[in-house]
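The form predicted alone is given below as one chain in structure tokens.
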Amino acid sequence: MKLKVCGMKYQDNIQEVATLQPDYLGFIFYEQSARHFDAHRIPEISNTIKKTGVFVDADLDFVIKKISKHNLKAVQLHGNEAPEYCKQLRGKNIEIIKVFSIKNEFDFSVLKLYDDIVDYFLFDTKGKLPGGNGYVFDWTILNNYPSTIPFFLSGGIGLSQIDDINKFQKSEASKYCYALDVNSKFEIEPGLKNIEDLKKFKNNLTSKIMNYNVNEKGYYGEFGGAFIPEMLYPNVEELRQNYLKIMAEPDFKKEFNQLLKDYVGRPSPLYFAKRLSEKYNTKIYLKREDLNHTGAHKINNTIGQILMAQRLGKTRIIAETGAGQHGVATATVCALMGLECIVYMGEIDIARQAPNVARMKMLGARVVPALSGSRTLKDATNEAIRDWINNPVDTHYIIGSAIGPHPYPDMVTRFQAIVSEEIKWQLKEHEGRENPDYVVACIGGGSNAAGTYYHYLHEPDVGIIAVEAAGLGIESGESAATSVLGKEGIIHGCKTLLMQTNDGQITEPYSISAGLDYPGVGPMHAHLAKTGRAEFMSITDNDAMDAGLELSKLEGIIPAIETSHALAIFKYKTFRPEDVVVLNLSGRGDKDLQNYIDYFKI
């Protein structure tokens, strides 16, 4: 259930409330309200929080001007606005919330006029003035709710309603309850919110439901943490104490977003794959991360981490890479910022990803082969960690996946969350709704998957599908299917699911895909697997290669072999014709061309 905090008025208080990450913040543009927002601007807040303008029978031009001026993402109509009035806002790429007030009874038939026009209804307590009355209406009236339009529940909700809310969530009435709207019960004075009370309320709510985000100790459920040598503690602790503060700084956000736009080329398109959809009789959209500068999603994270390293005063950058895409992305941002770059890569991966090795060297990076173990991604990570131990003061380790000691999995996920953030508004443009029926991503350590899932983790109607590499088959002894073969263990600084022997020795993984050739999985994904929130599917080399060739011939897009694993699920899983399936096409196949040539004897 989403949370909206309404009646925001004071600049500092707005920023304080925004740190709690509500889903919506409401600003009242109604002069008769004691919470009337009349400041020149709304302070900069996270793009994940939807700024909502609240209006009461306002002139349409006035509403449109406020939408433009404050970059509003939603409008809440609290007066007697007719369906025709709402229709005129439909083309403004904005969510429309139509409010109805309830006292002792309500005629639900009036909603039908708005069914195909608004995105949400909001039910508030009927009082002398619109909103902010501080009283709760009888929620059992909503047991007769006849629509399928999601609604906001409002009216006098405060800390004392926690038990009532939990009870309401178990009722038939809650089926379409999308969000809670809170206001006056959390105020010190009109428009000034009590941060501690809001924090208690939000924590009480989230504690009653499964949480898929990291907690304050760095764990996703039972997975995560920071299991590190003592010599690395100062580095990791420095990062943990500062990463959220730095990411919240307006200058950081401005530089990060500007580079994503002008250097990376975001937003990446959300492409409707017409011929692929026709073949599998469902609606398939491809999130085109392959069109980013450097050819994959990895650049989103490296841009964020290089800016982080600069603000921490680091002058030397190290990284690990498997498929080479993260190595290229790291070398790219180091060249951009003029910093020394050392990339560790397994000897086997160096041979099978020669084009990316050449790119890294052209960009000025030093590529160091990992010669131990399986000589793949796991071993490259080991070598990078050894380097960090030996150079703790001036070096920042840009980890490329949602793995490693806390805060790395969370930090990488937050930088990659731009993927699902864009999917939401792009899908709204394509299909008239933000949420697909399924989001799909291939998964090794899991950074592209983490970014694809992030804004859908707590949307129970969105199915999450994680596709891992089965290699030559799950039971073949040549596989990287962690969800099936893994047990709880510790690798590269975190507790997660890990392929290992009975005595705890790491089992060597295998996949034709260098990026999925890893014996573990990020702790967030381990949590998704353990709780059943995500459906894990294992795809063999053969099926992945066939799926890559199929996309090339049907859509004119040659995907990375990592992504080809995700594409192969359509052979095994049947979707409904009306389902909307969004698949993250995480990288392009240029780097894998020789593998395709050798495999298909082209």
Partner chain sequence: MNRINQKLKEDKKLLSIYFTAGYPNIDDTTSIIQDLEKNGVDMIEIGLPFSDPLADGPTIQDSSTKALKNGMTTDVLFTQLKDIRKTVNIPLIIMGYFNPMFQYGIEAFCKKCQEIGIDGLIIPDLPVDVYHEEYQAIFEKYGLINVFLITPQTSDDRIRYIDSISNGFIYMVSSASTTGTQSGFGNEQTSYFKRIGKMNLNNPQIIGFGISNNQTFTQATQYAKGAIIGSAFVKHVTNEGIDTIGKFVDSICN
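Quick caveat: nothing in here was measured; it's all calculated off a predicted structure. Positions refer to the first chain, counted from 1.
Just so it is clear, the following notes concern the form predicted in complex with its partner chain, a form of the same protein that is not shown.
Out of the listed residues Ser476, Asn211, Ser372, Gln88, Ser372 is the one that sits within 4.5 Å of its partner chain in the predicted bound form by at least one heavy atom. This chain is drawn without its partner chain; in the predicted bound form, the residue among Gly504, Pro460, Pro250, Gly338 with a heavy atom within 4.5 Å of it is Gly504. For the candidate spot formed by Gln305, Gly313 and Pro407, no residue has a non-hydrogen atom within 4.5 angstroms of its partner chain in the predicted bound form. Contact check for Glu429: every heavy atom lies farther than 4.5 Å from its partner chain in the predicted bound form. Under a 4.5 angstroms non-hydrogen atom cutoff, its partner chain in the predicted bound form lacks His527 among its neighbouring residues. Mapping the unseen interface onto this chain, Ser483 falls outside it, with no heavy atom inside 4.5 Å of its partner chain in the predicted bound form. Looking at Phe227, you'd find a heavy atom of it within 4.5 angstroms of its partner chain in the predicted bound form. Partner contacts here mean any heavy atom within 4.5 Å of its partner chain in the predicted bound form, and among 290 to 298, 412 to 420, 351 to 359, 483 to 491 they occur only in 483 to 491.
Shown without its partner, the chain has Ile389, Asn390, Pro392, Val393 in segment 389 to 412 as residues with a non-hydrogen atom within 4.5 angstroms of its partner chain in the predicted bound form.
In the predicted bound form, the CA atoms of Tyr176 and His525 draw together by 3 angstroms or more relative to this form.
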